[in-house]
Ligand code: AMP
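As structure tokens, one chain now follows by itself in the form predicted on its own.
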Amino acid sequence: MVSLIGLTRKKILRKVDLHIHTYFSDGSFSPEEVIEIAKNKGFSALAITDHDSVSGIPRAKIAGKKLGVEVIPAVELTAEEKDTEIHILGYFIDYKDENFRKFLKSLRQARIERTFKMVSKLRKLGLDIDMEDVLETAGPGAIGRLHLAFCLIKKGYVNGIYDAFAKYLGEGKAAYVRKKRLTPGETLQIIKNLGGVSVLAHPHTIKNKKMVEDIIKTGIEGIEVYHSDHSLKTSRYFRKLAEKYGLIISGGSDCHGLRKGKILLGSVSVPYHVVEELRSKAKIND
């Protein structure tokens, strides 16, 4: 007879990454490659959280079944509050919902239009950046500033991703263009309507800590305490905040394949009970 204590311990030790991008947004790996890497690094479950896209989820699920890696359907949406960009993750969403897919398509079209404007600004600054190059870099993904950054690196105009954002692509910089964004409240409602669970992504990027608490009070259900850019001190701060408001304590690597210079999958993990907490709050369990 198998010990229940042993089973519980085995479940606790199961590693999970709840923030991963594929080439269907701004990652460099296919869904199948992500699953293979996760399996090789000992992960039992992960969430595909592409920006404004759910196209990678079906393929990831098929690959996951073959290799024994559970795939949680998710998405990352961008909201805005007082000129501050806020990223919100939605887990266990009904990613097959046709109205949602049409909505995501409109967001991706808005991304293309925004990128055209940013390319135009870069060209006016004397930089030889072509929209065709950006589209080729993006491939099937939802085009974003990261793709533009890679074009700038390729042309030798900047030394790296952070340099590209600091000089041209970051908020308030010479080539920056605001994109179509939702309010945090609208974003949470979309996720709720899809039966999903909302989690605030990489809260360290929101410099106004009062704003983080305001977003929590809007009705968010979890917060990304553990992230590849979070220091131990930062994680401790957000863990205390999560405990204060009774939020799900989530985490993930925010892996973009090789887009950020190294594979982040494996750098951050959370225990499997976080998946169970998310699932217990979701209306739809795919």
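All residue numbers are counted from 1 along the displayed sequence. Given the structure is predicted, the values throughout are model-derived calculations rather than measurements.
The discussion below concerns the form predicted in complex with the ligand, not included here.
- Give a yes or no on whether each residue among A74, F92 and K192 has a heavy atom within 4.5 Å of the ligand in the predicted complex. No.
- So in the predicted complex, does any heavy atom of D26 sit within 4.5 Å of the ligand? Within the cut-off, so yes.
- Query: Is K61 close enough to touch the ligand in the predicted complex, meaning at least one heavy atom pair within 4.5 Å?
  - Reply: No, K61 sits far enough from the ligand in the predicted complex that none of its heavy atoms falls within 4.5 Å.
- Item | 4.5 Å heavy atom contact, F165 and the ligand in the predicted complex | Taking the distances in the predicted complex, the answer for F165 is yes, it comes within 4.5 Å of the ligand.
- Message: Quick check on R114: any heavy atom within 4.5 Å of the ligand in the predicted complex?
- Response: Yes, contact at 4.5 Å.
- Which listed residue (L146, L122, L152, I88) meets the criterion of a heavy atom within 4.5 Å of the ligand in the predicted complex? None of the other options qualify; the answer is L146.
- Query: If we take heavy atoms and a 4.5 Å cut-off, which stretch out of 240 to 248, 36 to 44, 256 to 264, 213 to 221 is in contact with the ligand in the predicted complex?
  - Reply: The contacting stretch here is 256 to 264.
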